[in-house]
Structure formats: structure tokens, C-alpha cells
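A single chain comes next, written as C-alpha cells; it is the form predicted alone.
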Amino acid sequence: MKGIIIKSIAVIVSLLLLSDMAAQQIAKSTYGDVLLKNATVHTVTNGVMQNTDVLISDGMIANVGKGLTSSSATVVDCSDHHIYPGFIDGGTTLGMSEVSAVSLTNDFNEIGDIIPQMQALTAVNPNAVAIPVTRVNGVTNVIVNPTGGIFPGTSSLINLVGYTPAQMDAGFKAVAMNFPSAAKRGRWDRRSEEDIKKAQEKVTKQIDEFWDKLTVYHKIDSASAKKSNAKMTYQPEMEAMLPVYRGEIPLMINVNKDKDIEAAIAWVEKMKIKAILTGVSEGYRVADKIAASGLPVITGPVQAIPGRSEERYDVAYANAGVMSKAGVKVALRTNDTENVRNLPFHAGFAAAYGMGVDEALKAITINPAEMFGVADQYGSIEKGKMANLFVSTGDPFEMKTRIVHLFIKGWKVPIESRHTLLYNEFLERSPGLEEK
């Protein structure tokens, strides 16, 4: 399988890179009780707490408060430092691509228009070099998305630590959908209006026919469940879509243009399913309608250019803020592979262009956690939640801020990546040959 080949190549590349750094010892993550003392704690859900301690035990946040003690914990003085919950990116292909120009290392786009059974989680390479690069910027969780056809597969939320995809699984899945568009794909799209309309009608017909079959499959499956000896022909695409049809998991609908967004909202209401809108680059044009629908939105990238030549330069920066002020629950995504690390800076742009710092912070912490149904574990600094958090020297939206301690699932992850290894290697060079 392509996924196995990718992982094998990635391991070989990693070994070759490390062989060039023989003097370096890559640190391992450590596990144990840790007491973070005297920090400014940005809880997200309960305000900012000054001179506050956070106790990590058994992978969880055991307590948050002043004057905490523990006989078993390693004490870390965090005076003049800040503690934030780990950031969550609402849409990436992180870990599913190594070298974009080499097709064998790209495993996010399978053949077929309707393949919801394809699991993005299984394509994740835990050894991808971009994962350490990402998490040292405070990003502890990401959604990994399949791309391609109408229903290209199933997205998953992962923790950015683990030796296997199963260890990284953070407990949320949603089927991805690319909604049919009535607009041009970009400035390079030379199709006529008639061709665009025909393409949209073709995709819409495919969706309608598939949904009719899904309705029949649901009825047969429900009837078969009542009979212990009844058996159905296995249809993986139908099995993958049944939880969506029954409202058990959401459909993550990628849609961008204003008219397409309106059409997607109407379609969701007609089908009576759970849904999350993603992309939504022209959400600012129909923010009130999105708010009225009650559908949450994952938008981004924020650092992008306008989709229309007549628009202001900053519409992408302001988009999230416009929707948030209209009453839409907004999360952010980078929609990237190598530069998912820039998520806090996307949030910083959104904050500066109308969203505000508090809402921008929620958009990469508690908001996506609530959308994904995992807010009892992630998204804020609270007792009883998973210890996904980091300690920083200042505001993580600022480029000058450094992350000094990082915890994922209670594991203290070294602030180390390919970049830091290369930096340290050449900062203190020990050449094998003396210069003549």
C-alpha cells in the first residue's frame, strides 16, 4: 500500500538526516507528575489567573490553583512565564505528505469520487519531520483531512505525539465532503459559465443518487439489525456514511463561495444531518445567514490573498472576525502540511483584523474542541482535562515568543525539531578536518 511505502521512505530519510548529526542526541519525551509553579495561566474558559500553579498527574491536569504542592511531582518554576492550552488546527494534511513533488510520499488523495471509507488516520506517518516542527510552536492537535473527490474520506483529530496512528488518535472522526461549486476555482480557471454549470449539475446528480442509495441502505440495515440471522452485502462506502446519515458524526463540508455556502446550508437543512462548514473563505459575505443556520465554521488559511480581484487586500484576514461578530462559532485552520506551525500567527492576523485576541485564542482552542465533541478533554486549562498545554515566554501570537515547555497527553515533549537540530549543529561546529 502507498501508506506503507511512505512510512518506509520517511524512516529512511529520518535515519539519513540523523546520521549527519552523529554528535547530536535526540531527546525522548518523558512521563511523570509535574508541578508548574507561579505562572500566568490562560485558562480560556475561566479567564487569566496570575501566579497560579498547574499540577500534571497521570497524563491529566490534576489541579489548577495557588500554592499547590505534590510530594511526587517534579517542580518547574514558571515565574514570568505563561501557560496556554495546546492549540488545535481545524484542517491539515500534516503527516500525510513528505515531499510534495514526489507522488509516492503523498498519501492524502485516493482514487475515486465517493470513498468515505478511506481513513485519513491510517495514512498519518508519526515520524513525519513536519510534526516536531509543528508542535514546538504550541500546536498539540490537528485535524488530518483527505482531499480529492466528492466524499474523499474520513477526517480525524490527532495528538502530535505517538509511535503509531492509533496512539495519536484523539477520538474524533468526521466524513469529509467537497460541496459542488457554481463558481470558478480561481483566476486560472478558464471554463465558461456553461461548463461550470454542467460540472456542478453532474456532481449534484452524483450526490443525489448516492444519497438515495444511502437512504435505502439505512432502511435495510435497520431492518436487518432486528433479525439476528440477516446478512447484508458489505458496501464500505455505505457503512462509512451511515453514522453521518443517522446524525452520529458530522459531515465536514468544504465550501467557499458565498452562493455555494448558501446552497450548502440549504442542503444540510434538507438532509437533517450534523455538519461543520470548512474553508468558508467568503463567509464574510453571508455571515448572518451562517449564524442563523447555527452551523459552526472552520475557516482558513487566514494568511491568504483575496479570492476576487475587486476585494480589499485584507478580506481573508478579517473573514473570521466578521463571522464571529455575527454570532458564528469559528475555528481556524492552516490547510497546510509543512507550515501548520504557523497556526498561532494565522490567529494573530485574525485577532488584529477584527476578531480580537480572546476570540482568536478560542478559535484555536475551545471552539474546535467543542465542535469535535472533545471539550471535556481538550481546549482549556481545567482540572480533569488532558494535559495538552505549553509554557511560553509571552504571547504565542507574537513571533518573538518562545515555547519553553510542552506537554501532550501528559508527556513532556522536548522542544526539538529538525530546525533546532540543524541550528544547534551549526551553532557549535566541530569539523572533522582542521582548516588549512
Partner chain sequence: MIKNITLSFLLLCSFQMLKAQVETGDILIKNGTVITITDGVLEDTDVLIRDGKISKIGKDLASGNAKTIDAAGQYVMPGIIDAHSHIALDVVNEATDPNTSDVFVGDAIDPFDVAIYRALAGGVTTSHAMHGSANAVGGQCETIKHRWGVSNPDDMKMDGAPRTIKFALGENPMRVHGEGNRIVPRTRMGVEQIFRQGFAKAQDYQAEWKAYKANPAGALEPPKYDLKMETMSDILNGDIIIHCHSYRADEILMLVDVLDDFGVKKICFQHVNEGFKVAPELAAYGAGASVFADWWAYKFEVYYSTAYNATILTRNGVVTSINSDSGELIRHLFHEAAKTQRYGDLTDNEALKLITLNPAIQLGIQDRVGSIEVGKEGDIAIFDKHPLSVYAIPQMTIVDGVVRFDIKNDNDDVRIDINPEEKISSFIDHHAETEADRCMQDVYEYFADQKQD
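Positions refer to the first chain, counted from 1. Everything numeric here is computed off the predicted structure, so don't read it as measured data.
Quick note: we don't show the form predicted in complex with the partner chain, though the next part is all about it.
The candidate spot formed by K257, S281 and Y317 is fully in contact with the partner chain in the model of the complex: every one of the three has a heavy atom within 4.5 Å.
Exactly one of the stretches 373-381, 61-69, 40-48, 399-407 approaches the partner chain in the model of the complex with heavy atoms within 4.5 Å, and it is 399-407.
Although the partner is absent from this view, I273 stays clear of the partner chain in the model of the complex, with no non-hydrogen atom inside 4.5 angstroms. For Q206, no non-hydrogen atom is located within 4.5 Å of the partner chain in the model of the complex, even though that partner is not displayed. The closest non-hydrogen atom of K362 lies beyond 4.5 Å of the partner chain in the model of the complex.
Although the partner is absent here, E338 lies within 4.5 Å of the partner chain in the model of the complex, judged by heavy atoms. Though the partner chain is absent from this view, in the model of the complex it lies within 4.5 Å of a heavy atom of just one residue from L242, V161, V268, A183, which is A183. Listed residues A199, A292, A225, V102 were compared with the partner chain in the model of the complex; V102 is the one with a heavy atom within 4.5 Å. Contact annotation for 357-378: a single residue, V357, has a non-hydrogen atom within 4.5 angstroms of the partner chain in the model of the complex.
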